[in-house]
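Take a look at this one chain, the form predicted alone, written out in structure tokens.
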């Protein structure tokens, strides 16, 4: 059963197809999913023209990814589509974990205030992609080509040549940089002979989207050994438009084709819901995979998202990680193309996002092992943990129904180590924390004012400081309410950043901390900026 395409796009012949030899472009992106579209928009907003190739002409074949984290929403804010994503999506922050029919515990993913975006939204991937396509169409510099299938790639030290098949026949292009965002079954990865390393799990899972009206709270619900699906697990999420996502563990020996039959699916879901007043929208059966390629950068070919790494869906670490990949890559590639940074800066994309991939794979593997134990001993340990969790807080922390996606901390030579003592705050390599501020009687958020440039957050107004050209200063104070200073009216910036008067944070264009200083000094800022741009860093 497949949902019919919601959005379809026309193939258009490109002028490149009428040239005798390969046309030349600085950047070609392969794959117009959430990752490739986000990267194209990011680069276009930085003034870099891109060609974006996709082998399809439609969006909407199944909802696929649905959970998008706060960090991803903040990135999409900067790309100009955060508001429609949140307005269309279902906002949530609470979850419940059950064993059998009984509630073990519940959690709140964002208990404190002062954040512009929620912990998560649920939104079908076809809506996400449609918002991204509309944004891409509104920007100059994005040449989005539907039904342009890349069939081969020939890399060289200066770039790569791509062979492309279209309804009008083949043609080729050359690119200084090729970015592979073409997913799990990446043609570019296959043509370059790059292999995945990792684990494919034996258990199979049924994933179903149903349409029904239900007066249930908007929250994540996870069951271990529920009465309607004994010995297995189940997960339930609300989506927009009265669509509900349900995951059911089937076991390793399940017949996938049999399990996808509508009458079998309906019977399982009716047992779970206690009624059959719903319509099936989309059904699939899959096995989890937690794996990655060894290197994300191969000369002038760079891999992002599922083409580089794959995780199980528990924890919402797939699409979120892919969007954060391109957030890391875009500013670095822009600096390299403008000759403001050496080409070696791209190697830090592999380093930093490799760390993130390893972290996501580690969490995802642990989640899957807990949900579907490999052995009787692992199952006994899991069951003992669940039994204790009903009464003991320490055991609740051991229950793993999917550690949910958060921004990674980079251990990287681009960061300048602390030279001073800090009692908390945001350390170098970590992503910025949002805070509500005031300016001229209006409220605004820190995440609205920092990216996509280098920003120096100063815990006071400094008039004598001369900053390097790429850096913009933002002054924040609890006491000063002048027009050139943001007022920390609720003490959120001071508390979250351990911000005493005179201190400063240098933020990278992706919002990660490059350096922090207890006392502002121009030479230290210049040195940290040079390091963050890859000019004076240690070898990667």
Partner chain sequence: MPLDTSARFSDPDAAYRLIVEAHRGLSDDESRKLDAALILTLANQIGDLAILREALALSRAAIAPSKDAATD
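Numbering follows the first chain given and starts at 1. These numbers come from a predicted model, not from an experiment.
We do not show the form predicted in complex with the partner chain, though everything after this point is about it.
The three residues 480, 496 and 524 each lack any heavy atom within 4.5 Å of the partner chain in the predicted complex. Stretch 396 to 404 is the contacting one of 420 to 428, 219 to 227, 396 to 404, 181 to 189, since its residues have non-hydrogen atoms within 4.5 Å of the partner chain in the predicted complex. The closest non-hydrogen atom of residue 377 lies within 4.5 Å of the partner chain in the predicted complex. Within this chain, residue 442 is remote from the site of the partner chain in the predicted complex, having no heavy atom within 4.5 Å. At the 4.5 Å threshold, heavy atoms of residue 391 reach the partner chain in the predicted complex. In the predicted complex, none of the heavy atoms of residue 93 sits within 4.5 Å of a heavy atom of the partner chain. For the candidate set 174, 382, 115, 78, a heavy atom within 4.5 Å of the partner chain in the predicted complex is found for exactly one residue, namely 382. In terms of contact with the partner chain in the predicted complex, the residue from 260, 211, 461, 366 that brings a heavy atom within 4.5 Å is 366.
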